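Presented as structure tokens, the chain that follows is alone, the form predicted alone.
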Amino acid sequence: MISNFLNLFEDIFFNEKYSSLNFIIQKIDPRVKIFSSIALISIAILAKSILTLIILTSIIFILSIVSRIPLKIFLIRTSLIPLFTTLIALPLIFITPGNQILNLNFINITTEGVHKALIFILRVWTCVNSLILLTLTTKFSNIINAMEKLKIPKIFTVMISITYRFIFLSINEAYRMLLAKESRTFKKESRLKEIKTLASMLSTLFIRSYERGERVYLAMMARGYNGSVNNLEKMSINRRDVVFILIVLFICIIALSSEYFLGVS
């Protein structure tokens, strides 16, 4: 059970097989994709219309299809956080005053409450979709390199880079510990015993991760690490990147126009 969860968790975070594909979105400069994602997220945050958010989400799904990312894979990665968002937004349906849709004893569902809840859920889903599309179509090393080119603080990019790599190391370490535990277990344990074993494994995993981090830091310092990592891949913005960013900006302008000038709601 736990080993299956670890395998699923690792598969969710492993994106290199899609970012290595040779299609249109994968070829776009990482800096352009980061800027485009920020633009789409900004519009989603400002949006007050369900129609606008649906259009933005649909555009992101179209981009994922163009990138040859399987729809099932994309939905699995983008639906986890909105599920928790739905639970958070659920009370808005009952506590927001307005026109009642349903009245059952102490439960009042209003039109305004449903609208607010849908706006919140779609807004989060659009932002998550944009970020997932960025990570699926861009190698992680290129994302870090692009962030450095965009003058994002070095300490921030280094922390993200190391954390990302340690996720997989920790998952592999936990998987090996589970295999070792299962190979030494001859009969089914009680639930209390399993909880104690899991707690012991978690504490051991924490200690091993801490010690590994110390060893990695000392090894980096011994090899002359000075706080910067050189990336051999060169980045350049060409005509394709300019066309892509102009299309994204045009979409953002249309969305803002529909929100604040045409009165779409």
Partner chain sequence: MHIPDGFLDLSISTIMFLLVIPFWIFSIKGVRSVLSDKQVPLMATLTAMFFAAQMMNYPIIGGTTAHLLGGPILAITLGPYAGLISMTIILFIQALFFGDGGLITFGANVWNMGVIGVFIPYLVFIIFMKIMRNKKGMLIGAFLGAFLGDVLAAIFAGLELGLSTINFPYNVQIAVMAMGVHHSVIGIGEGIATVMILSILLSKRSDLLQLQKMAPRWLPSIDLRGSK
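Every value quoted in this text rests on a predicted model; they were computed, and no experiment measured them. Numbering follows the first chain given and starts at 1. Rigid core here is just the name for the largest C-alpha set that superposes within 1.5 Å across the two forms.
What comes next is about the form predicted in complex with the partner chain, which does not appear here.
Proximity to the partner chain in the predicted complex, single hit among Ile38, Val66, Leu51, Met235 (heavy atom within 4.5 Å) | For this set of options, the contacting one is Ile38.
Is it the case that Ile25, Ile73 and Val114 all touch the partner chain in the predicted complex, with a non-hydrogen atom of each within 4.5 angstroms?
-> No.
Lys187 within 4.5 Å of the partner chain in the predicted complex, heavy atoms = Lys187: no contact with the partner chain in the predicted complex.
Ser58 near the partner chain in the predicted complex, any heavy atom under 4.5 Å?
-> No.
Is the gap between Val32 and the partner chain in the predicted complex 4.5 Å or less for some heavy atom pair?
-> Outside the cut-off, so no.
Does Gly98 reach the partner chain in the predicted complex, with heavy atoms at most 4.5 Å apart?
-> So Gly98 does not count as contacting the partner chain.
If we check the partner chain in the predicted complex, which of the residues in 191 to 209 reach within 4.5 angstroms of it by a non-hydrogen atom?
-> Contacts from 191 to 209: Arg191, Leu192, Glu194, Ile195, Lys196, Leu198, Ala199, Ser200, Met201, Leu202, Ser203, Thr204, Leu205, Phe206, Ile207, Ser209.
Using a superposition on the rigid core, decide whether the Cα position of Phe156 changes by 2 angstroms or more between the shown form and the other one.
-> Phe156: C-alpha displaced by 2 Å or more between the shown form and the other one.
Rigid core fitted, is the C-alpha displacement of Ile119 between the shown form and the other one 2 Å or more?
-> No; that C-alpha moves by less than 2 Å between the shown form and the other one.
Return yes or no for Ser209: a CA shift of at least 2 Å between the shown form and the other one, with the rigid core superposed?
-> The answer is yes, as the C-alpha of Ser209 shifts between the shown form and the other one by 2 Å or more after core alignment.
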